[in-house]
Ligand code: PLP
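Take a look at this single chain in structure tokens; it is the form predicted alone.
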């Protein structure tokens, strides 16, 4: 099998997994037990991981809170901001192509009295800045949520410009940076965002652990209350092994980011040039926009049957894992103006650090053969 679904998840680095096993078995003492040397060692592992992640994303360690993943992080940020302002019937803006981990909490806030507006995107998936500005001027806004890199098309948003527009209107900015850690260099302080979220399993760390960034001086209402861990922002006994694994993955991602970026760009060019040469009618979504290296959302207009089903031996997807699970056409492609039938017959190829030139050529060959079987 050839794996080509790295935007959905990545394999945990074996050295990281082995170190996590050691921690699970040997450093198992509760990190809140500061009276014992073993407890302090466990606490030290968390502190080290926080410093590693901070260095990787350009934050201060005390601005990072560990969670069970990016979904929990996104929920915490959205509910945490909106709950503090619910008596004022606050407004929340999101792009129309956000991940369900952002859209669904925003929708819940709307059902609870908030004003939720989705900002349009163009046919490349780029945010409509004029619509954003107009929406910000209509009514005071608490929070603007826009992902840095789309998980389906790979389109990159202009985050510094977005932040400038939002801050000028008095709104805070939350940026889902789950997809870019380890693929592109970035810095949350330089970008100017107020909140951001990350996930370990997208950058060769373990599943079940993530984090969010909260700029110094900002307050949030916690989503999970209890023992007061993570500075009262995420109660519950910490997943020490998972957090340590996340720190290691983030450290490795930061050190290798330029190398990974160059490799993914090269492999993406190879894949797309092969496909274009043999399938002249192929549409590569967002091809005119800046995209995340390693992500190609490919569509075959006017065919019958599912293209993905014609690719034996290749693990890919038709979009986000959430949309694929429900069997629905990608809402991202719909918002970009792609016909529902075409969206259902699209394939996302997402490459990763383990991908090879031989694999990419094999993927291209299978996709070409599959398209021809469907009469394209």
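Everything numeric in this text was worked out from a predicted model, so none of it was measured. Numbering follows the first chain given and starts at 1.
One more form of this protein should be noted, the form predicted together with pyridoxal-5'-phosphate (PLP), which is absent from this view; the next part is about it.
Does at least one non-hydrogen atom of residue 285 fall within 4.5 angstroms of pyridoxal-5'-phosphate (PLP) in the predicted complex?
No, residue 285 stays farther than 4.5 Å from pyridoxal-5'-phosphate (PLP) in the predicted complex.
Heavy atoms within 4.5 Å of pyridoxal-5'-phosphate (PLP) in the predicted complex: does residue 220 have any?
No - in the predicted complex, heavy atoms of residue 220 and pyridoxal-5'-phosphate (PLP) never come within 4.5 Å of each other.
Please tell me whether any heavy atom belonging to residue 101 falls inside 4.5 Å of a heavy atom of pyridoxal-5'-phosphate (PLP), as the geometry stands in the predicted complex.
Because a heavy atom of residue 101 falls inside 4.5 Å of pyridoxal-5'-phosphate (PLP) in the predicted complex, the answer is yes.
Do residue 71 and pyridoxal-5'-phosphate (PLP) share at least one heavy atom pair within 4.5 Å in the predicted complex?
Looking in the predicted complex, residue contacts with pyridoxal-5'-phosphate (PLP) include residue 71, since a heavy atom lies within 4.5 Å.
Just one of 170-178, 266-274, 137-145, 110-118 has residues with a heavy atom within 4.5 Å of pyridoxal-5'-phosphate (PLP) in the predicted complex, so point it out.
In the other structure, the partner sits against 170-178.
Identify which of 76, 296, 95, 151 has a heavy atom within 4.5 Å of pyridoxal-5'-phosphate (PLP) in the predicted complex; exactly one of them does.
After the contact test, the surviving option is 151.
Just give me the single entry in 291, 201, 91, 234 that has a non-hydrogen atom within 4.5 angstroms of pyridoxal-5'-phosphate (PLP) in the predicted complex.
Selected option: 201.
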